[in-house]
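This document starts with one chain, in the form predicted alone, laid out as structure tokens.
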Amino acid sequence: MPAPIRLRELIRTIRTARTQAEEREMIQKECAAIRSSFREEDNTYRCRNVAKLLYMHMLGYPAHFGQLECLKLIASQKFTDKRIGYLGAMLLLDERQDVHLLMTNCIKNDLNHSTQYVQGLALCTLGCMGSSEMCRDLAGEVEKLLKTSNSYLRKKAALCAVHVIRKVPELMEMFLPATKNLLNEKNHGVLHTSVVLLTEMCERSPDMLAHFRKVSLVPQLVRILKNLIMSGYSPEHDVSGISDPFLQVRILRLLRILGRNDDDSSEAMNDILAQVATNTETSKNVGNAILYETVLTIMDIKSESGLRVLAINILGRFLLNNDKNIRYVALTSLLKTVQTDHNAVQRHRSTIVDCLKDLDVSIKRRAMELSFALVNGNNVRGMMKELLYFLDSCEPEFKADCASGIFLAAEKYAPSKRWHIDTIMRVLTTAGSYVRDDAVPNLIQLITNSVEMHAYTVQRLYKAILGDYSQQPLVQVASWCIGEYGDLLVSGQCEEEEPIQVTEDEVLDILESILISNMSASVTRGYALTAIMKLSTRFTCTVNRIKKVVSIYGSSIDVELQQRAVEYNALFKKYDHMRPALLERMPVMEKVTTNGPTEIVQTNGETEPAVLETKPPPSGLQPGSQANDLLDLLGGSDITPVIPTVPTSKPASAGGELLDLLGDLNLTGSPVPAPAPQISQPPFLLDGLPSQPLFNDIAAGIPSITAYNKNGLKIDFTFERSNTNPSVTVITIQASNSTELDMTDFVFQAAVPKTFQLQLLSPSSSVIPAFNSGTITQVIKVLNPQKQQLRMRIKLTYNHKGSAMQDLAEVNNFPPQSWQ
């Protein structure tokens, strides 16, 4: 048989292929020749054939038939054969293949070989693809090589030990004696791998972390880091004028782990961190990498306040860097530290605001989040001016988040009610189509409560919608205000700005234009029709025109609009004596919660009291199916299904509930119960109770619990008891996310034994923001008539990092005060 072609010739031949089909034909032809050679047990060219096979594997073609040939090369006495054999094993084998166990004995023999390069090959292979069984069998040999005086072998043995610890954590103590002298080594390769090994041990075992703190590992690391900073030029380790930056970064990371929550260790490293922060050259990216690790270490340990200010100033300098990646990591780091060092971050406010004008969308988003976190009572006017300018010019994907952030900040820090109203109206004018659903009722409530601003507000809103109905939320608020305060608009009583002269007919013209506009949504037309009806008690000269408009819409194809018009017609004909009382001006609204007590919600790093919203569950998960899915959660047949609350199509806040006055003539003040799904259960326990007061204020006496904490998702339960029915416990769940990516499509489900009755209300959102920058809240009501110990099984589903996640958990640690 002729000699096979060399690897170099094969590469050259494959590169001449003009099409994919031609390349496949060449590969198949060569694979057939290699298979024939393997069948004939050709030892002469086995090494060459496996090398070619590895190249084909790198191109993406199947090469599994060469696995046993790799084992034969490993067993060879030639170094060249062993080298290709071990490389093939690392590429073609892994612990899922049983074949890899056959090479355990060969690796053990080679670890004890007289040649250091053969030992190095065996260590590399074991550290790359060794299974837990192989690691248990060969850990003794690795530990022995870790104590050798040969620096070439020690650095490879240290990295191999890292792999062994990851596979078999209980073998960690075996390597502890060998770590004592590792940091005394002069060789930088050994030092680097030793720090990696020590970092792995500290991260995986709290006992190891305590041990290394006790044996004064920090002073050793400080000494090494100081020598690196103070040492002169060394051509072997110099990168852009900095001595071994890779080792410096590794040491800084290990110091961060050792100093976290430890006063003594943090004190020992304060000086060296200050030296690194002030002496590192920042003209090259290498220096910036070291400074960034230094900043992370300073912020993570119990460092001095002056050192933390220095770290934040370094991040401030990063914001001026031309490199977008450096600006991005600076903004991300500042966002994490803004809560603990708010004043220090405030000094860089102007630089952060400038980042809103960056062309990079990732930098823009981080700058926007950080800007909202910096808003306070002192700078709210200036910051809102910048953020409103950003809202004008930003891309559509930013407008919703930016509008929500402005609403929250304005509500918390507004210097005056007029400024608050002007700010929200500016947002609605600029990005009205992107605001959240609760923006309209919230603004209506704000306007209602600002009695002295009614004339000013209705005049501003009237001018804002003249001829432009594109921003539907703005048109809805304007329609509502014109309906309520149309008499103030016509009378020209505005004192805050120059009043305008408007007639009753001109006002009705605007509202009729909204009714017939193609841009008006069904909800907006409902607002306009109700506003026209209200004006029948505010206006005196146009009542007949109003009757005519209302009667026309009694035959509208829009069922909602038709129902309103029919009811209003009935009001004109049969109940005209009641009309002035029914349509009188709204009283001042109190901001009440819809699903229970007010919760504290984290928004962009600020603690913000927010009203829980009733929102529909995510698509694809209907309330009925949620109840049925949970029937088997606790096991057995004594399960009571969840009685979900079906959200209505009306706005959920107090202002929204009052918009449709005649939707139901239940004027007692108590909300109409939502229709329940067809489940054969008695009416729910709370359905007949008066709405005020529902809960008492003894929540402080019932301790909260953490019901779930895994994979960055944390679920906390807080408790309240009903005033009217002591058997009712109200549980408010609060879900937070400490990972770096948002969790989307979040669904919380729960089931209890049959002796209890449970109602699960709708969540405030389906997205849990990353970095604990926000929470989802949801309310559970539990009836426990027999005062038995509460037990609950919960089911969590969500999407994270592109994967669908699902988990079950049992909660049995409810405090006695919650059920006794």
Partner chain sequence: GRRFLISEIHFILLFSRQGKLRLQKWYTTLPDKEKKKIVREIVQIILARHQKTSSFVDWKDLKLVYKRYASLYFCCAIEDQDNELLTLEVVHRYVELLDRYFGNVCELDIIFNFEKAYFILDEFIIGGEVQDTSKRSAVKAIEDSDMLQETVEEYMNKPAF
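These numbers come from a predicted model, not from an experiment. Take the two forms, superpose them, and find the largest set of C-alpha atoms that agree within 1.5 Å; that set is the rigid core. Numbering follows the first chain given and starts at 1.
Another form, the form predicted in complex with the partner chain, is not on view; read the next lines as being about it.
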Report summary line: Only one of 337-345, 216-224, 415-423, 69-77 sits within 4.5 Å of the partner chain in the predicted bound form by heavy atom distance, namely 69-77
Report summary line: As a check of understanding, the residue in Glu411, Asp360, Glu304, Glu185 with any heavy atom within 4.5 Å of the partner chain in the predicted bound form should be identified as Asp360
Query raised in the report: Pick from Glu293, Glu504, Asp110, Glu720: which residue has any heavy atom within 4.5 angstroms of the partner chain in the predicted bound form?
Result: Glu293
Query raised in the report: Taking 4.5 angstroms as the cut-off for heavy atoms, does Arg96 touch the partner chain in the predicted bound form?
Result: yes
Requested in this report: Please run the contact check for Cys31 against the partner chain in the predicted bound form: heavy atoms, 4.5 angstroms, yes or no?
Outcome: no
Query raised in the report: Counting only non-hydrogen atoms and a 4.5 angstroms cut-off, does Cys124 reach the partner chain in the predicted bound form?
Result: yes
Query raised in the report: Does any heavy atom of Gly432 come within 4.5 Å of a heavy atom of the partner chain in the predicted bound form?
Result: no
Query raised in the report: Mind checking whether each of Arg8, Gly189 and Thr193 has a heavy atom within 4.5 Å of the partner chain in the predicted bound form?
Result: yes
Report task. Counting only non-hydrogen atoms and a 4.5 Å cut-off, give the residues of 288-324 close to the partner chain in the predicted bound form. Result -> Asn288, Ala289, Tyr292, Glu293, Lys324
Query raised in the report: So, does Glu395 move by 2 Å or more at the CA between the shown form and the other one, with the core held fixed?
Result: yes
Report task. Once the core is aligned, please say if the CA of Ala367 is shifted by at least 2 angstroms between the shown form and the other one. Result -> yes
